[in-house]
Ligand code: ADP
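Quick setup: one chain, the form predicted alone, written in structure tokens, and binding and motion questions come after.
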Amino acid sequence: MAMMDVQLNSWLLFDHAPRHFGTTEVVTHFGPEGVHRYTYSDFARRTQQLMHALDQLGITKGERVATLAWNSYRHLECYFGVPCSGRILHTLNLRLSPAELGWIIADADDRALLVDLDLVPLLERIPAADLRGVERIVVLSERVPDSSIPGLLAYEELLAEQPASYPPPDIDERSPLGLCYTSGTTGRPKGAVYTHRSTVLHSLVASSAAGLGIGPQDCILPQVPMFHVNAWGMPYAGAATGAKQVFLAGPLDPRCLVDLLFEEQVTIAAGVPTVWLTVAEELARRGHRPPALRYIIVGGAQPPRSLIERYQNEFDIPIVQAWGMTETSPLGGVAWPKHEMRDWDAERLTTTVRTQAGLPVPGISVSIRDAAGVELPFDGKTMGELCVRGPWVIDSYWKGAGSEQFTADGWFRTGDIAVGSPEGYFVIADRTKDLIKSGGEWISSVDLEADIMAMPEVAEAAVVAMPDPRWQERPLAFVVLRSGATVTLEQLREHLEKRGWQRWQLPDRVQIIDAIPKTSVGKFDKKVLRGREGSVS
């Protein structure tokens, strides 16, 4: 007997939450403005009103609808209302400059834009020529502010006029659902296109125990921007499984974030390492852990071992590493321990598992290759470029950009330099552009940073290559100190030697700075550091 042919489109995720978890909450903390609470039933009603509103605005099926918004319940409505009505959701990075945003809006051919009230001033600074194709701008609020932009519409007024039920359209599972641009650290940003099918499959694996482990009993708090790779897919996976969702709108406030971990009984939180470096100080101040928190998912960059050990030893909170990219939707690997590791001690588990970028999740194939494309062994020491493929890894960029990143045999070349372990895990040794080649030998800036940050005097550290007439390149360390601390180059080098580094691998210079510059998604911005001028010792 043939199986029923069911399209893997976003309605499978959207319809499940109100049907089976209608009373489960979605919570948004707006800082001084207070907390908004409603249920998945309320969410479903309003999301279908948004679908009708997009019809009324004349946005054609298949056109791009952009969001310029913080994490919130309204943004969650956009996550589903746009693709479930047959349009393409394009999340804009609100931390980019007006010129960068304008270029991306024009390149994506966005036809409508949904913007948070406090981000309208940012929108006003975008070059008018880049907004010429945007026909409708809706402010995610009850009101429209005074603005130099004509014709703004109020989201709540639009929704109030619409019916609460929307007939599911016929959506091909291979049609585009979303568009997310890369950070553009090595050139112009490129648009990664996600299909309905790829997003449904990604959500199912993300919610599995091999993925992020999200289920109906959970309360999730993604401190990952919803503009960045669909907040690692957590809003989709959360709705699909009926998990309670908690959002912190606006910039990171560590005290507020920790309040939410306690008050909302959060079981799974996620964010980049710089988030948890800051939050650790707030947790230490309180002296006890959030009681319901099972683990923290950390991705976007390699967390220092010292951070992993601090959360485990001081707060009894496991940090679980996940690896992914904009091009992988993003989940590619999660560093869960295997069954045979259940009796391992903490030290062995940290070395073998917790400090790894991940174990490939079901559906993702991983290959580490040399410059000639030859596959390298997972032997714990051989470095090569990480290549991936799978049903939610893109096979091209928007408008055909970046074709050189795809191999003839169907693999995506990530640009990450990785090492595979005999246990099957992989760790990111560096980005191709961040490796330091000294005297013909490679030095991993990521590993150096992690060990420098193990010094009790150091809050943050980043290492970049500096030109050297004899050795080609040498490591330069930028260090942010904890309050009242001091560190000399000699102390730093002595510390690294004790941790197993050879003298030729040690930084030749160190520069003490007030803060490490960050990219728009919270990673260390090394291109800024490379161009930085100042005294070094």
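The first residue of the shown sequence is 1; numbering continues from there. Here the structure is a predicted model, which means the values were calculated and not measured.
What comes next is about the form predicted in complex with this ligand, which is not displayed.
The listed set Glu460, Asp416, Glu264, Asp218 contains one residue whose heavy atoms approach this ligand in the model of the complex to within 4.5 Å, identified as Asp416. Screening Gln321, Thr199, Gln245, Asn230 for any heavy atom within 4.5 Å of this ligand in the model of the complex leaves a single hit, Gln321. Heavy atoms within 4.5 Å of this ligand in the model of the complex are found in exactly one of 367-375, 70-78, 235-243, 297-305, that being 297-305. Looking at Thr407, you'd find every heavy atom of it more than 4.5 angstroms from this ligand in the model of the complex. For the chain shown alone, Arg389 is not a contact residue for this ligand in the model of the complex, no non-hydrogen atom being within 4.5 angstroms.
Interface residue remark: Lys526 is not counted as part of the site for this ligand in the model of the complex, having no heavy atom within 4.5 Å. Contact annotation for Ala357: at least one heavy atom lies within 4.5 Å of this ligand in the model of the complex.
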